[in-house]
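Okay, here we've got a single chain as structure tokens, the form predicted on its own, with questions on binding and movement later.
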């Protein structure tokens, strides 16, 4: 996901924009750009690559542009269109009078592009964003009112967006709006700031307004007008920014859990930064101290974890065995520490913990370390006690997770296992180069596919409302997604207190099928691949026992419509990467069911974020 900044006031805008973009550079580094309102025109400056390139681009023009007191900026992670100068933001309409920056994905950009091209608009880039620039410009041509043009254009846009718009006809006006993407307005004395995230503006102001979806703010140096999608003025809820704004602010979301679910595309991007630069380049894990001799001498790998981390470990087992051909055992830390520790110098022991302080896992790795095993830790806290015990470390870079129910940290742990398994396979030479390149290409597309899921949650909400009052829930899957079934069930248990259980689909007929009747929902994680037909057959068996059937799938198989009461579609993906895609709707399903039931989503009863006692 990209980052945007904006400013209107009385101070020189260039440094404000550049400093803001620097704070958002974690959100992307493919290109950057600014648009500055000068006396007679808007001037746009762009650069490929990191922000330093934009700074260098601006240096020759600094005397001219320092007089500007209004502008917008953008830092990009490419989704639609390659990371080229032409595709960099800001984008303009054909006449160049209207300029905007965008964060998100416009789902219907192709339809908009066709319609606008028919009207004479000429497209210069491959981005979805340019369609919005032409659309707003066309509305402005009709209304001659920038706020109204943005409001009308927003009604035709499908997907996720945060927009910041300026026009040559308006010397001191920014218009901003959002849907399913974060955006806030910082409030100063005779000035306003716009940003995707608090770090971009925290040094300038401690007061901010978080826009709700479909709200439109019109900003001039001395006033902010806030309206809804119908053009009706709405009250402004001004908040004081905390000292740790990213961690402690909901950023306009109702709950931290929902915020953290929506952060997952950026979490994946953050993990990939510095570790995977291109599909044809090797994975870089600087803190993993495994070499060819070490891997050659391994007899087995043990992965130790608890709770959600244990489910990530189960996926990790599947990946390492598939890519590296090394036997992997997975065990709950709480069980591992109370039996004989059968490890030695030929065993790699991987500990997985969000906090790095989980007592059972910490004890387990200490026991394994005492036996001479190489200890590798996957954690969100590289400063933790567990990390200090590590011989190798994979930090997951998920940021502080406030909600007790783990979401983004689970996705981050999965990504760590994908990187680790492929890294080990590269060292061993156990995967063909062409296959490795294909896997890396798919991995780099994952953030935008999750963005697509998060941009439209209507079907998930409908399903959640239909099953919010159920007393029991069954999740079934096979192969690499059996852990996904377990994690989906755990999320529902944690925050809604519904008795949910995950099963390998083939095990239904070995006992659990006795529970099925017309009151029992069964959710099939039915992703295309090696076990699709088998799982479809298991779903038929459950349907024959009158279970209420739900599918989570990337298949367009027509047979599914008659078999399932609800179908939750996700973007297509290789089977090996499907756990990263499939978990997101399950997190959302658990969230919306809990919300409909009025539960305390972020602080469910009897649970704590970090379990520091055995």
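It should be emphasised that the depicted structure is a prediction, and the values quoted were computed from it without experimental measurement. Positions refer to the first chain, counted from 1.
Another form exists, predicted in complex with a small molecule; not displayed. Remarks below refer to it.
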{"property": "Answer range among 192 to 200, 346 to 354, 134 to 142, 101 to 109 for contact with the small molecule, defined in the model of the complex as heavy atoms within 4.5 Å", "result": "346 to 354"}
{"property": "is_contact(residue 307, the small molecule) in the model of the complex, heavy atom dist at most 4.5 Å", "result": "yes"}
{"property": "Proximity of residue 260 to the small molecule in the model of the complex, heavy atoms at 4.5 Å", "result": "no"}
{"property": "Contact test in the model of the complex: residue 494 vs the small molecule, heavy atoms, 4.5 Å", "result": "yes"}
{"property": "is_contact(residue 406, the small molecule) in the model of the complex, heavy atom dist at most 4.5 Å", "result": "yes"}
{"property": "Contact residue in the model of the complex, chosen from 524, 358, 411, 481 - any heavy atom within 4.5 Å of the small molecule", "result": "358"}
{"property": "Of 181, 217, 420, 490, the one that lies within 4.5 Å of the small molecule in the model of the complex (heavy atoms)", "result": "490"}
{"property": "Comparison of CA distance in the model of the complex with shown form for residue 426, residue 77, at least 3 Å", "result": "farther"}
